[in-house]
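Before any questions on binding or motion, here is one chain by itself as structure tokens, the form predicted alone.
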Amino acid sequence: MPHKVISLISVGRHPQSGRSRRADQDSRAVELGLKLAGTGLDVVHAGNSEEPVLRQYAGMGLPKVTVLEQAESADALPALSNYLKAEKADIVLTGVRSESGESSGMTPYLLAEQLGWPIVARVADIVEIKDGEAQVLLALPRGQRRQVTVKLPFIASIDNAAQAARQSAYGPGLRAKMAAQTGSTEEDNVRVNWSEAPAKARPKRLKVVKAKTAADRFKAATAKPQGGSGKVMKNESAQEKAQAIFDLLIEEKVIR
């Protein structure tokens, strides 16, 4: 029996131009959903069905996009929660955070709380689904991966380490069906009371590195915190290549 996979999408914003676009992490979630479910993937957006950006997602090879029709000021959480319950989804894929609006990254966590499902954050890939469980690869710093097992149903937020989205085709995107349904009429009171203004750049505090040798300083500058338990899979070839480059820089006296 095929599993029900749903990808949630939002309207993204280009970081330089500010123009509307398909969100990078959401499009990666759609790409992973297509890998798992093919054209049976259900892609859902809470908002305006006339939004042109939705055609960019549809151009990835989707026959239709489900739109929960609601005003911009409405809260998307009740509509999404009710839809996922009604559709009896097994896997829900989202981006880590949206590129517009509040961009808090709380949507997948609030959905998981309402549905009573587990949430897996920073997913790089879903390797296998078998016997009601999924083998999931989590993205760790410095290109490392951790493999975990999670029971269905669950919500997964897709990291930038996941496979990049395929190019969007204009023609298929234009021909795709926008299946509109009634969304939520509940106002998002928190967002209504907020005001938006351009953010000011703040100076970053420099980290003091207490290391005697060049190798120790290089390691301290590139090290990032890692998780605790779990199965960690390292890319040994990448580490060896990085070490070879570092040794070459030492020999050429570029690093002292």
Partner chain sequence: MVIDWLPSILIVVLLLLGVIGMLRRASLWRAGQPEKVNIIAGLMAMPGRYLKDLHHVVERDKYMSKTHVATGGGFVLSMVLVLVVHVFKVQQQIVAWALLGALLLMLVGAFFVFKRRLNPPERLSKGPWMRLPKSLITFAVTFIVLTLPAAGILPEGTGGIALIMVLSIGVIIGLGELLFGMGWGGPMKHAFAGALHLAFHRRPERFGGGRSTGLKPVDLTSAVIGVAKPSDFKWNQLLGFDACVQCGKCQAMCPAFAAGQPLNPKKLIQDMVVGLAGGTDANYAGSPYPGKEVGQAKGNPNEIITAGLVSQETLWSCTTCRACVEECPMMIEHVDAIVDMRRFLTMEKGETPNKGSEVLENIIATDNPGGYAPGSRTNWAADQNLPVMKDKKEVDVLFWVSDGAFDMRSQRILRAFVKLMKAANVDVAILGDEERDSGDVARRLGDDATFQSLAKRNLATLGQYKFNKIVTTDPHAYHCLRNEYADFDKDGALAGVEVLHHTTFLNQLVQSGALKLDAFKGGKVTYHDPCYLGRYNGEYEAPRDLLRSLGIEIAEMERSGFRSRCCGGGGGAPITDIPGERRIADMRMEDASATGAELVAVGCQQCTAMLEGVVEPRPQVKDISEILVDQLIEEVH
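Positions refer to the first chain, counted from 1. This structure is a prediction, so every number in the text was calculated from the model and none was measured.
One more form of this protein should be noted, the form predicted in complex with its partner chain, which is absent from this view; the next part is about it.
Contact check for A71: no non-hydrogen atom falls within 4.5 Å of its partner chain in the model of the complex.
Its partner chain in the model of the complex is not approached by T66, whose heavy atoms all lie more than 4.5 angstroms from it. Of the heavy atoms in L174, some are within 4.5 Å of its partner chain in the model of the complex.
With a 4.5 Å cutoff on heavy atoms, T182 does not count as touching its partner chain in the model of the complex; it lies far away. Contacts between 158 to 172 and its partner chain, taken as any heavy atom within 4.5 Å in the model of the complex, involve Q167, A169, Y170, G171, P172.
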